[in-house]
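Presented as structure tokens, the chain that follows is alone, the form predicted on its own.
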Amino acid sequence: MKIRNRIALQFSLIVATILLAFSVIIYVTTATYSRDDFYDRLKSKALTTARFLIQVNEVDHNLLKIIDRNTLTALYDEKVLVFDERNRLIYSSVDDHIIHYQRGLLDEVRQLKEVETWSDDNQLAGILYEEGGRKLVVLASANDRVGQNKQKNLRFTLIWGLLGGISLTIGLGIFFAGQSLRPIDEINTQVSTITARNLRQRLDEGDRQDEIDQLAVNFNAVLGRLEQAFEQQRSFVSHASHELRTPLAALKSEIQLGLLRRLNADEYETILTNLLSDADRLIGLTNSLLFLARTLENISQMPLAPVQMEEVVLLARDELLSAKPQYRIEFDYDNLPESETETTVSGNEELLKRVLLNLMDNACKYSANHTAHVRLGTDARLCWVSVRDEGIGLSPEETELIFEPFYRSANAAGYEGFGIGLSICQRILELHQGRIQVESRLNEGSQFTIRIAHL
């Protein structure tokens, strides 16, 4: 079912329920009021008849009957009966009609003093009239034909009003739901024209006042991120191809040189050494590319556990010094943490160690003294680790590009590397809801700081 029809149906059901409840309340309230009013009139008639019969000596039974028949307030099919203490009928307003009642009704009237019931299709009211030591039971019965006609007309009006109101609600609901959802139809039409070749196309955002306009705004933002992801993918493939082509070309050249003419053992050894170096470069580049691709996976696939940041720093330092003993790493605290939780973060130990390994290796590699200064600090919310060097540094323009994949600064051309490490570090920190910042001065050194919320 379309949203337009579903909204119209739900709205119509709500309105129909309200109208039905409103109609039932009106009908029941009117019927109750009409019935109670008629019973009051019957009681008043019974009381008047009893007073005439007992208090006015000049009025005998026959005269009272004439008065009952000719009064202006006479009711349809009206009958009045008066009984004495022994349940003997002492007065009847009509002789050719009787009121059907049971003997127990008289006793009930004496006990309750007032009774409201039915006699066939007529309403019947019974009262206990006490005067001059006498206790008379008066029964008055009549048919409220006027009230019934009014209730019938009211019922007819309410039913047709209910049906008309529901029909009108359904029609207007479909119309206005269609009007309200028309912008969504337009968005669907525009979205259907967007493909991978025209990701620059954007949806009409209107005046950005209602929810549908905000949907278009958010969808345009998604398109922007998608376009950026496509651009990054194309850039990644382009740079990866370029980086892979260089060692592959070197491999091919060395092999062609070996096949061009016969060489002595030393020359073959030199070629094999160069081939091994190019193969190691290819393996290193491939491993870096694979690791970068894995860091783009969903965070839900990355196991998280409490990790002590000082332990990660020490593990990364020991692993780096084991591989490159000529490096020096100085570690200290910015401030002593008050508890272990201040340096405990939720993360993946291996990935965080990879970040610190990369930062320490870069600091030592680009410093003339091969020394990295590592400091750990905490506050009420964050734990941070800074890695500082006294190396070649970066210009302000380069600090904005340093985290792009395969980007290398101009003064780093003479150093080994692929320009992937910092991009990997940034991706890992994003997976940990952390961030990495850089402060650098050209030819003076750089300081990289990672910040993660602690437990």
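In this text, residue numbers run from 1 along the sequence as written. Everything quoted here is computed from the prediction, not taken from an experiment.
There is another form of the same protein, the form predicted together with a small molecule; it is not shown, and what comes next is about it.
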Exercise for review: Just one of 19 to 27, 427 to 435, 441 to 449, 6 to 14 has residues with a heavy atom within 4.5 Å of the small molecule in the predicted complex, so point it out.
Suggested key: 441 to 449
Practice item. Consider residue 39 of the chain shown here, and say whether it contacts the small molecule in the predicted complex, taking contact as heavy atoms within 4.5 Å. Key: no
Exercise for review: Check whether residue 358 has any heavy atom within 4.5 Å of a heavy atom of the small molecule in the predicted complex, and answer yes or no.
Suggested key: yes
Check your understanding: residue 52 near the small molecule in the predicted complex, any heavy atom under 4.5 Å?
Key -> no
Review point. Can any non-hydrogen atom of residue 412 be found within 4.5 angstroms of the small molecule in the predicted complex?
Key: yes
**Study point:** Residues 402, 408 and 421 all lining the small molecule in the predicted complex, heavy atom within 4.5 Å
**Key:** yes
